[in-house]
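Below, in structure tokens: the form predicted alone, a single chain.
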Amino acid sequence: MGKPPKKKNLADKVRKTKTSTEIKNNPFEVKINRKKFDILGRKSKHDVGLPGVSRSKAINKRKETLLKEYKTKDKANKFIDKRFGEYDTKMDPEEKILQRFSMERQRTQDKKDMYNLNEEEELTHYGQSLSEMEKLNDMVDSDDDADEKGVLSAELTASHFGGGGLLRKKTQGEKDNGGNQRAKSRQELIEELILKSKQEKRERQNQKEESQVLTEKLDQDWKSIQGLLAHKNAPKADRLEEEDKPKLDEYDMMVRELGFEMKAQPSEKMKTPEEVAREERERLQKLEADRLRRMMGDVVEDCTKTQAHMSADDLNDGFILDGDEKPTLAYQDGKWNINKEGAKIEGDEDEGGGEGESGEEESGGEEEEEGSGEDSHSDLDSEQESEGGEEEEEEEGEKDEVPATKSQLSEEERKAQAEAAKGELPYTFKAPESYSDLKGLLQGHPADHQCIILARTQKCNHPSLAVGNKLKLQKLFGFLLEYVGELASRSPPELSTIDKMITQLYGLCQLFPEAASKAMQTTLVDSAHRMEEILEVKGRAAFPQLDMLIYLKITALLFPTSDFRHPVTTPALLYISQALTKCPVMSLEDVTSGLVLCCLAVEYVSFSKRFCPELINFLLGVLHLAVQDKTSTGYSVVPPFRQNGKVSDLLVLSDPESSQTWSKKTLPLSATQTLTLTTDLDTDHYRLSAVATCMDLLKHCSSLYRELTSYSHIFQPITTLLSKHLPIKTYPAALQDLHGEILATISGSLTSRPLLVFQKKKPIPLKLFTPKIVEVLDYGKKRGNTKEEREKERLNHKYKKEFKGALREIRKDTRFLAREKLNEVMGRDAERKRKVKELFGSLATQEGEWKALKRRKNSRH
């Protein structure tokens, strides 16, 4: 069915006919291009244009190219002729036919040979013909031919694989009571096979022992005559060869030694933290169950038995096919050392053997000997894991000893064991839900037991073991912080217990850093708000208590202090600076608290070397408290210290002679809460200790801030106080030496700096440029001076022109395709409307005929 003829529009007619004079004369078809200027002697080609003709040509061109591509898009309906030599004019028709025939035969032959081995070709493997190898004519040369290992007898085959009495020939001795022959049962056959195998084993063992004895005897005889052969003079040729033979170099000897060294053995797979936590919890649960049984009076027996290896092909019927009873053979001191224990044990098992013993013999063998070393190492590893590292492991190791059996324990010993088990710590603990639960769990236990309880609680509630354990351990960190604060607020404070709790806090902080930082932030923010409220009400606040000082120390241990900005350590350092600035020094306890804060500040800035002015000012103020004459000083004191006042002489010695009996000691942390000094001598000693601590901190700060450009200006007041006003002559020799070291360090780093002046140089004159002459042509248009510039400008102009033309053509192509798509959609819609209209017309005709038929039926009735 042919395609309907396309409708021709006006543009097609115009395109086919030549441009007639009528079109040229028609003013509606002609466009005149006006010129701005008339140039003499230049002919213009585009004075008059025909837009209609140009448009029709462009549409026709797009229909021939762009429309065809659009119609054939996503279609592949081309036939490609791939016949050999079809378009080769140099080949004759006969050659083409022969070549095509040979290629067709080759293609069919390849398909036939896909699953067909060519008998003419000889297949080889490692240079040997497979046909020769398949004959199996090679003789097996082995020392154990007589043993016939791995060969199944006919009786064994019949008993295991069918014919157990029906197809087997009967012997003369197998007769029943009536004189008829009867078949043996399967149990009897198996027993006979076991007896035969044991008998053959004994015979083989005896033969091996005899051959071993003969071998030893031959070795001894050879050893006796070997000495005679050694002293015999060797022939000259051998001696010449020995002389000519070069000696081994050290490198060659080392290479040979390395060749005989042990190869590296593969280690066990590293366990994941989840696996380690699971095994640790199972171990603690097992120990807790053993402890509970001991409390009830039951005896914990060691029921660990080594399981014999069983093959996957073992029928578990007690039959032994062949055992490996080779004894261990070694050569030492010129004699053969034979490990006869294995043979002895095997003989004993054979004599009293049952089916189970023989099965263990067969399944064991060399595998048990090889595995013994691995088992011993694994036991050692498990002992090291259970006993290494912590105090709780040592205590558990004592509890893991296997007690005696029930028959060996008397009633009194059992009661004593139960009492001892009651006194032990439980091995499993639930995570506390509140602070009161944690306090009840730890209260009444020494510090070591408290650490063990916390460690076991973390192991039993590891986050990888259950879903809610993570939240429980996060809460545990906050409870531990609160518990540490309570221990510090007691009198006297339990500092040793707090010191041991740090490891548990560190472990929890490593597991949950975000929760730990939030808990510590909450503690610091609460304390800072309390201090601000007190400052707003009273104008001054007391130094932080010991619990807060310990919190600041824990912050330095758990979180990095060298970061430029950290969510925990930065607020902690600001809190320390605020306390050193706002809290007045009213007593020796305040001096101690301030020095502790200074120590913490030095610890915070030791890595980053961040300058802390509050630290230097407080140390200067502490030294000012030890100065006697405060009338004329060459330095100024900043708050919270005063130049003169009631408490400005806190560190002045009441008796200069007390320095002779002073010995350097560290300031106790408990002195921040209560300080009991009964005599003036003790008070003076404490003052000297505070001055010594302050000077140690000054020495550390001087070495810390030595690289600062303002170092000399920062330590100038301290130098003035140390050199002129501090009564160093009344202090002990140790303080005098420390005083000299500080002054030497500061004076060695002082450098004179020149004053800032203007730069004394001749002013640089302004650059003078030669005026650039630009040729102006073409009525104001600037052109390049050189040939390259003009060529570049011409290319740029051409590029812009082509670019604009390409954009214009692309837009026209897009509009043309959009118009064609719209025509297709409108055509499909018109066709669909026409078909729908025809359907409605046919339906209306059917409806009318049906109604007419119905009327005729009604009229008849």
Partner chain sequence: MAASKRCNVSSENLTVNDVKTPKIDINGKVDLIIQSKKHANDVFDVLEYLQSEKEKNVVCAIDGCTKLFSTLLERGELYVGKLPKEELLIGGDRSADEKYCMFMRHRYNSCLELLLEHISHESYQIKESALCALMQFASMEGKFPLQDLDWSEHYSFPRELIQAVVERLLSQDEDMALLISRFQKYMDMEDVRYYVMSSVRDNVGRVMDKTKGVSPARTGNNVFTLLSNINMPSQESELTNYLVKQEGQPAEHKRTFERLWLGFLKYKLPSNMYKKVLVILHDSILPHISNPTLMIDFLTAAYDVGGAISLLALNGLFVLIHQHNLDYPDFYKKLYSLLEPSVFHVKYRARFFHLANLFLSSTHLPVYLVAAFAKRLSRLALTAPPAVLLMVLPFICNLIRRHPACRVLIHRPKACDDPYLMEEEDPSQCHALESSLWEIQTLQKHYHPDVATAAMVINKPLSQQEDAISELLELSTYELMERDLKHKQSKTVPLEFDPATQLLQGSGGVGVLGLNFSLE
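Numbering follows the first chain given and starts at 1. Please read these numbers as outputs of a predicted model, since none were measured by experiment. Take the two forms, superpose them, and find the largest set of C-alpha atoms that agree within 1.5 Å; that set is the rigid core.
One more form of this protein, predicted together with its partner chain, exists but is not displayed; see below.
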item	value
Heavy atom of each of Leu600, Pro613 and Thr666 within 4.5 Å of its partner chain in the predicted bound form	yes
Interface residue in the predicted bound form among Glu188, Asp252, Asp499, Asp655, criterion: non-hydrogen atom within 4.5 angstroms of its partner chain	Asp499
Option touching its partner chain, based on a heavy atom within 4.5 Å in the predicted bound form, out of Lys430, Lys609, Lys729, Arg490	Lys609
Stretch in contact in the predicted bound form with its partner chain, which is absent here, among 564-572, 645-653, 431-439, 85-93 (heavy atoms within 4.5 Å)	564-572
Contact label in the predicted bound form: Arg753 to its partner chain, heavy atom within 4.5 Å	yes
Touches its partner chain in the predicted bound form: Gln521 (any heavy atom, 4.5 Å)	yes
Non-hydrogen atom contact Pro513 with its partner chain in the predicted bound form at 4.5 angstroms	yes
His529, heavy atom within 4.5 angstroms of its partner chain in the predicted bound form	yes
Sequence-ordered list of residues in 574-594 near its partner chain in the predicted bound form, where near means a heavy atom within 4.5 Å	Leu574, Tyr575, Ser577, Gln578, Thr581, Thr592
Cα displacement of Arg565 between the shown form and the other one reaching 2 Å, rigid core superposed	no
In the predicted bound form, whether the C-alpha atoms of Phe758 and Leu708 sit closer or farther than here (change of 3 Å or more)	closer
